[in-house]
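Next up: just one chain, as structure tokens, the form predicted on its own.
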């Protein structure tokens, strides 16, 4: 897994996020991937990525407890692999 806490990230411009009770659906229009974000916390972090300088700043702003950061970092790494999120 990549270390992403100090990385500037954003939702890929070809991705649409649709909030759902369980979290959200993320659809990439170019590669046609559909990805499930399985919590509202993850949706909040992903939506705020472009607002903050780093992933860590987005996690702090979203009130994610530090003991949960590793799981968010792992999930974001997976979203980068799916081209839902990208480095900016």
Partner chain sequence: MSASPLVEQLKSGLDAPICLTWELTYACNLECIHCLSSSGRRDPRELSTEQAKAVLDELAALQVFYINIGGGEPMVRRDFFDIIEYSVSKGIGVKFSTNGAYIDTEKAKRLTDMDYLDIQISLDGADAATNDVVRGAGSYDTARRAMDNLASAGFGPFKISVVVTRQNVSQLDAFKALADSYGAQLRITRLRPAGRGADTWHQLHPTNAQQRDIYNWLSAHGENVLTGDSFFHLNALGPALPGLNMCGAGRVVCLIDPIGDVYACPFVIHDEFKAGNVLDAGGFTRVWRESDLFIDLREPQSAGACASCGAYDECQGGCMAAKFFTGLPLDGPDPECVGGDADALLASVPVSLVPRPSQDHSKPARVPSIVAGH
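Numbering follows the first chain given and starts at 1. All values derive from a computational prediction rather than experimental measurement.
Keep in mind that the form predicted together with its partner chain is missing from the display, and what follows is about it.
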When the contact criterion is heavy atoms within 4.5 Å, does residue 30 count as touching its partner chain in the predicted complex? yes
Does residue 14 make contact with its partner chain in the predicted complex, using a 4.5 Å heavy atom cut-off? yes
Would you classify residue 77 as touching its partner chain in the predicted complex, given a 4.5 Å non-hydrogen atom cut-off? no
Given that the partner is absent here, does residue 69 sit within 4.5 Å of its partner chain in the predicted complex, heavy atoms only? no
For the stretch 12-36, which residues lie within 4.5 Å of its partner chain in the predicted complex by non-hydrogen atom distance? 14, 16, 17, 18, 19, 20, 21, 22, 25, 27, 29, 30, 32, 34, 36
